[in-house]
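Form predicted on its own, single chain, as structure tokens, below.
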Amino acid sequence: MGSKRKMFIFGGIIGIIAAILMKLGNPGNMGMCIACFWRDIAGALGLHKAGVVQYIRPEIIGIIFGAFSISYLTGDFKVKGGSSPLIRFILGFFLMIGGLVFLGCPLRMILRLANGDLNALVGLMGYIAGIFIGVQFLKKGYSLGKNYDQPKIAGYLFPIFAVVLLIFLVVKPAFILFSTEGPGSMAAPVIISLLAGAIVGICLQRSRICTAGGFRDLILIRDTHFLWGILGIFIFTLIGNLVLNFEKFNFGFTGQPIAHNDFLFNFLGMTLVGLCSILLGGCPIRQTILASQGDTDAGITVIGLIVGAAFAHNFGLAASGNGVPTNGKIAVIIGIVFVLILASSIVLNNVKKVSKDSKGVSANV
């Protein structure tokens, strides 16, 4: 079977699962959203007090278990890290800010589009714009440096965190918060969500699908390999929605669930997400998979996502169906400017380092 066909099938499995989860109770156009689900988990842990988005999402736990298990069995579990962790944390933080202004990660952007939400098309244009900008930095020598072997226990911390989350979900101790209304109260059955997440985690780990990587490779080397996975997600979610959720299918800009039609900040929010994803080397779902297979740098990025979600809701940055608050607009603009300066500084530093190393080699010769 051709590699592109495999990618399409893996993407199709993820798309069908997303449509099924929405049918079984997950929020509208949110069968699977990494940013939103980490945001809900942050709320459940008491990191923010937005009562409508607090729930330990079993899908995230399942994704981690699935990716960890299959990577361990296939030898892909390798514990590495130490590649500019603080910068990765900051990029993850701003990535989440952009995602919560748009109201979704790149995966949810595809799912929204597959259910007729044309605001997601505006977001897609912004996402590609951010990726394009990020690629220019890659061409100029942007890199966060090498990673190194880490103590093996470090690779197990992320799966252990998932086990703790599962215990909290099942036991429901008093200090864990669960929404009684709003998106956080909408959920498919726990067991089904766990199994669905595990299947998605396995598919993502084996396929290495990354929404940012798909567009990056198209722009940088004219390779469409990962885009076939993205196309599979879109087409099969569209088919699944037309079959299972036809009554919820809504083609247009208005009346979309958990969305707004502020075109400018749908665009800019996803521009920030695309830019950060390229500079990090992967979108939120790819970072979650990498963290599950022992990449401690990706684990730091996920922590940045969680802190970003808490910050967004504690300081009134996150958008809602009513639109984007002023604080959110300011945060996105600051984020874009800051990340551009950060990336430029890294490129300049790397260029100086290469020049210095070259002079050293010449002197030795």
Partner chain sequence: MCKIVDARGRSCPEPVIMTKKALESNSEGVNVIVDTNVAVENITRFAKSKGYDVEVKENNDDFELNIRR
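Residue numbers count along the first chain shown, from 1. Keep in mind that this is a model prediction, so the values were computed, not measured.
Omitted from view is the form predicted together with the partner chain, to which the following refers.
Each of Thr74, Lys78 and Leu138 is positioned with at least one heavy atom within 4.5 Å of the partner chain in the predicted bound form. Interface membership of Glu181, defined by any non-hydrogen atom within 4.5 Å of the partner chain in the predicted bound form, is ruled out. Residue contact check for Arg112: none of its heavy atoms lie within 4.5 Å of the partner chain in the predicted bound form. Not displayed here, the partner chain is kept clear of Lys172 by more than 4.5 Å at the level of heavy atoms in the predicted bound form. With a 4.5 Å cutoff on heavy atoms, Phe267 does not count as touching the partner chain in the predicted bound form; it lies far away. Checking 159-167, 115-123, 187-195, 138-146 against the partner chain in the predicted bound form, the stretch whose residues place heavy atoms within 4.5 Å of it is 138-146.
Taking a 4.5 Å heavy atom cutoff to the partner chain in the predicted bound form, the contact residue among Leu86, Ile221, Ile153, Val243 is Ile221. Looking at 202-218, the residues that come within 4.5 Å of the partner chain in the predicted bound form, counting any heavy atom, are Arg208, Arg216, Asp217.
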